[in-house]
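Presented below, as structure tokens, is a lone chain in the form predicted on its own.
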């Protein structure tokens, strides 16, 4: 899966407009990066990538690139 497709998944997860997320974006600057988005990311990673991640690990993520790295 290409980075663009991963970004689309994240935009959908956070209910953002298509094309507004970039790998270098700071998660703390994204208003929609809230506890619901955290839980949604945990589920996405488990369902689509067979990866388990804890809430603490999600809270430690700093950039969109950090999430993309988990989506390998």
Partner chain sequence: MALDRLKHVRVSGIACCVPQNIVDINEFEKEKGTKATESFKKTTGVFQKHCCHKDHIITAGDLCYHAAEKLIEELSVDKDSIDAVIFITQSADYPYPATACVLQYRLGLSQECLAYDINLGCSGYVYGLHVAAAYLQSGHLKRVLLLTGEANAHRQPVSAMLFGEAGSATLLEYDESQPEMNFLLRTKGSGFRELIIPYGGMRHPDYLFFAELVKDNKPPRNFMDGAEVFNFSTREVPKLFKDFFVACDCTEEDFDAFVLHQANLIILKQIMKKLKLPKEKCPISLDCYGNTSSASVPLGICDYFNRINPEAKEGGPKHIAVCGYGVGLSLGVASLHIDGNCCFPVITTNEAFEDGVELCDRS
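Keep in mind it's a predicted model, so treat the numbers as computed, not measured. Positions refer to the first chain, counted from 1.
Another form, the form predicted together with its partner chain, is not on view; read the next lines as being about it.
- At the 4.5 Å threshold, heavy atoms of residue 62 stay clear of its partner chain in the model of the complex, well away from it.
- The shortest heavy atom separation between residue 27 and its partner chain in the model of the complex exceeds 4.5 Å.
- When its partner chain is considered in the model of the complex, residue 18 lies well away from it, no heavy atom lying within 4.5 Å.
- Put simply, residue 54 is close to its partner chain in the model of the complex: some heavy atom of it is within 4.5 Å.
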